[in-house]
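Only one chain is given next, in structure tokens, and it is the form predicted alone.
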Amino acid sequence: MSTVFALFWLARSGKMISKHLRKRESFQLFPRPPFHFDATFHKPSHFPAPITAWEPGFYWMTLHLGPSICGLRIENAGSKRKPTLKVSVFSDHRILHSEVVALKTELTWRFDLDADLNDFEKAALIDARFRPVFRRWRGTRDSWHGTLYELLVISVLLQNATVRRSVQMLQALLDAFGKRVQFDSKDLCVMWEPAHMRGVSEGDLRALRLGYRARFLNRLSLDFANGTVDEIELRTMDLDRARKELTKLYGVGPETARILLYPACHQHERLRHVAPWQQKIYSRIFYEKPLVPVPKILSDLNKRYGTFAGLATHYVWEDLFWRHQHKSIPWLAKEIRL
């Protein structure tokens, strides 16, 4: 029995061991106002994964802290105008000061806590139709809780698959390569690191019913394990250089690189592409029609919002999914098929 099958069998048989994280340290973060806690940390449009958990005013997540794993509870301890986050860190060792500093830097980046939204708000609030949406979610960041590698793993699993199927594939991968941790009355998973995939073959991944995605995941993992792209350095690059760096990764073409520019570099630019599944939803949101040509969608949104088109559509998109979360929208349920 190969290593991957042994791990997979242990996970499915309920013998995958959970690590209990009991050591605790706390610190505060102060996002630039305005700041919308719940809409920044909870994205209803993201498919469910046992890596994070949310309830109003609280957010839990797991991540790698050097060679260790830790769990975080992030609490809304301020207001939209005077935001404060209380972060509790759970680990199996005493948290060092240097680790707290590293966590502050990483969380500030991942959730774009230092974002200056003034210019965006000036552009967005001109839009009379969606002004109520922008006001309702004022201070929201287009954030991502994980690493660039983790974002790409999710992107690969979403290719040519229903959301339900993507959820199943991620769970199979977490069962085989992830770890379970318990902290603050939560039982969550933590994703594997790229280097942990060095001894895993494409065949092993296909056995988890990933299909052709096994090849992409295998090669991407090796790229990250070998340092093909330095994510920390990427954050300091201008758009053109960052786009060029991202295309060094296996399976990442110009369009995928463009999609990654905001979560990877937090840099805004005009919309350049709308995928077929996005086209259907944009058509409903912005035109109340079943299908509008992509060139018209791009032209209209870029004209309306300029370089903030991506962030503006994020607000309107998430507003739709928040409403769907509270009361099912039949046409949207049919599209996402979760």
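Just so you know, these numbers come straight off a predicted model, no measurement behind them. Sequential numbering from 1, following the sequence displayed. Take the two forms, find the largest set of C-alpha atoms that superpose within 1.5 Å, and that set is the rigid core.
One more form of this protein should be noted, the form predicted together with the DNA, which is absent from this view; the next part is about it.
K.L.:
Quick check on this chain: which one of V133, L173, L249, A264 has a heavy atom within 4.5 Å of the DNA in the predicted complex?
P.N.:
The residue in contact is L249.
K.L.:
If the cut-off is 4.5 angstroms on heavy atoms, which of these, N302, S68, S45, S283, is the one near the DNA in the predicted complex?
P.N.:
Spelling it out, the residue with a heavy atom inside the cut-off is S45.
K.L.:
Contact with the DNA in the predicted complex for L188, defined as at least one heavy atom pair within 4.5 Å: yes or no?
P.N.:
Looking in the predicted complex, residue contacts with the DNA do not include L188, since no heavy atom lies within 4.5 Å.
K.L.:
Does any heavy atom of F216 come within 4.5 Å of a heavy atom of the DNA in the predicted complex?
P.N.:
Result yes; F216 sits at the interface with the DNA in the predicted complex.
K.L.:
Is T162 part of the interface with the DNA in the predicted complex - any heavy atom within 4.5 Å?
P.N.:
So T162 counts as contacting the DNA.
K.L.:
P293 versus the DNA, in the predicted complex: is there a non-hydrogen atom within 4.5 Å?
P.N.:
Answer no; every heavy atom of P293 is more than 4.5 Å from the DNA in the predicted complex.
K.L.:
Tell me which stretch of 272 to 280, 59 to 67, 24 to 32, 305 to 313 has a heavy atom within 4.5 angstroms of the DNA in the predicted complex.
P.N.:
The contacting stretch here is 272 to 280.
K.L.:
Can you name the residues of 182 to 219 that have a non-hydrogen atom within 4.5 angstroms of the DNA in the predicted complex?
P.N.:
Those in contact are R206, R209, L210, G211, Y212, R213, F216.
K.L.:
Determine, after fitting the two forms on their core, whether K179 shows a C-alpha shift of 2 Å or more between the shown form and the other one.
P.N.:
After core superposition, the C-alpha of K179 moves less than 2 Å between the shown form and the other one.
K.L.:
Does the distance between the two CA positions of R258 reach 2 Å or more between the shown form and the other one, the core being superposed?
P.N.:
R258: C-alpha displaced by 2 Å or more between the shown form and the other one.
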